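Starting off, we have a lone chain in the form predicted alone, written out as structure tokens.
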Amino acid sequence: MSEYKIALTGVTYRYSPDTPYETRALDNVSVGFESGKITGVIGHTGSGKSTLIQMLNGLLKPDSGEVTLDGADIWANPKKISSVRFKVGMVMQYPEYQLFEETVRKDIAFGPQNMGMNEDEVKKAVEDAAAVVGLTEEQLEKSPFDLSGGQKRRAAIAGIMAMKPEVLVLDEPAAGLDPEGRESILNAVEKYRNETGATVIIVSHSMEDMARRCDNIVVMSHSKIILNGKCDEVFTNSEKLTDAGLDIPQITRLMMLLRSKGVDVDSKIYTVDRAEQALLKLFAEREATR
């Protein structure tokens, strides 16, 4: 899996092992995440998504198998696992609940300071991260608790981005936000990837968000990976997605319906933009033949 920035090979993980409550959260899972790409991880509740991403920066250690970063086992030297966590930044669900400093600036600076950056480096890291997520100078000087819900989320994510992780992992980063807040968060994540070349991994229940933002998709069900590939390969596999308790994007469902009614459109379209282009082209062709 040398072409991958970070990968799991044959990883198994059990909760409450060797007890009556033992649960196998990951069952011999092998998957790689391409360098510089955005990969979405989807699956029903309890499918193993959260366990998988906690493996990536050593929050959990495999019972068996290997997690590699740049081809090296992250657990080769357990005493150095903290250095992995600087390279693989983890944004847990509802990260705004972890804000604690007097000002937003101090909160974002906490990680870079722990990395040993000097004062000038910390200042630049904070300002760079704030710019990526769209926080103003005025907002940086406020208490985190004076921000709106969406602004708090952006501040919390900026705290991870300020450490300049090579891999950014986010668990439901837009959960609970209104459409404008969702767009703001996901735009910031995409901007971070574009500016730094980082590898990004997003867990989400939103098929529409994943279809629009991701290069690749990993689908989990019952502790295993059942689909893994480009968006068009995954989202057009409606039978497997349905069997896993998931759904295809609404726009794909619409295009499949149109196709079944005899309309000459590509049923593999999975974003609104591509659907709009296809339908406009179809209308133009019909007008030209009148």
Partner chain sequence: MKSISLGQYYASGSILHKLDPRTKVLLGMLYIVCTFLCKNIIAFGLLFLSGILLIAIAKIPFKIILRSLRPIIFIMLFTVVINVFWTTGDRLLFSWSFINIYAEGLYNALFMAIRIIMLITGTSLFLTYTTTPIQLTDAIERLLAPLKRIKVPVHEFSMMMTIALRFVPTLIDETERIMSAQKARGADFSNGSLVKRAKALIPILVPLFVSAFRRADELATAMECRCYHGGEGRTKMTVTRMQGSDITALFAMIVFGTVIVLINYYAAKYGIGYTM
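Positions refer to the first chain, counted from 1. If you're wondering where the values come from, they're calculated on a predicted model, not measured in any experiment.
Not pictured, yet referred to below: the form predicted in complex with the partner chain.
Novice: Name the single residue among 118, 136, 98, 148 that comes within 4.5 Å of the partner chain in the predicted bound form, judging by heavy atoms.
Specialist: So the residue touching the partner chain in the predicted bound form, by this definition, is 98.
Novice: Just give me the single entry in 39, 57, 252, 223 that has a non-hydrogen atom within 4.5 angstroms of the partner chain in the predicted bound form.
Specialist: Only one listed residue qualifies here, and that residue is 57.
Novice: Can residue 85 be called a contact residue for the partner chain in the predicted bound form at 4.5 Å between heavy atoms?
Specialist: Contact check for residue 85: yes, within 4.5 Å of the partner chain in the predicted bound form.
Novice: Does the partner chain come within 4.5 Å of any heavy atom of residue 107 in the predicted bound form?
Specialist: Yes, contact at 4.5 Å.
Novice: Using 4.5 Å between non-hydrogen atoms, is residue 168 touching the partner chain in the predicted bound form?
Specialist: Contact with the partner chain, no.
Novice: Is residue 277 near the partner chain? Define near as a heavy atom within 4.5 Å, in the predicted bound form.
Specialist: Outside the cut-off, so no.
Novice: Based on heavy atom distances of 4.5 Å or less, which listed stretch (229-237, 57-65, 27-35, 41-49) is in contact with the partner chain in the predicted bound form?
Specialist: Looking at the partner contacts, the answer comes out as 57-65.
Novice: Can you list, in sequence order, the residues from 13-42 that come within 4.5 Å of the partner chain in the predicted bound form, counting heavy atoms only?
Specialist: Contacting residues: 18, 19, 20, 21.
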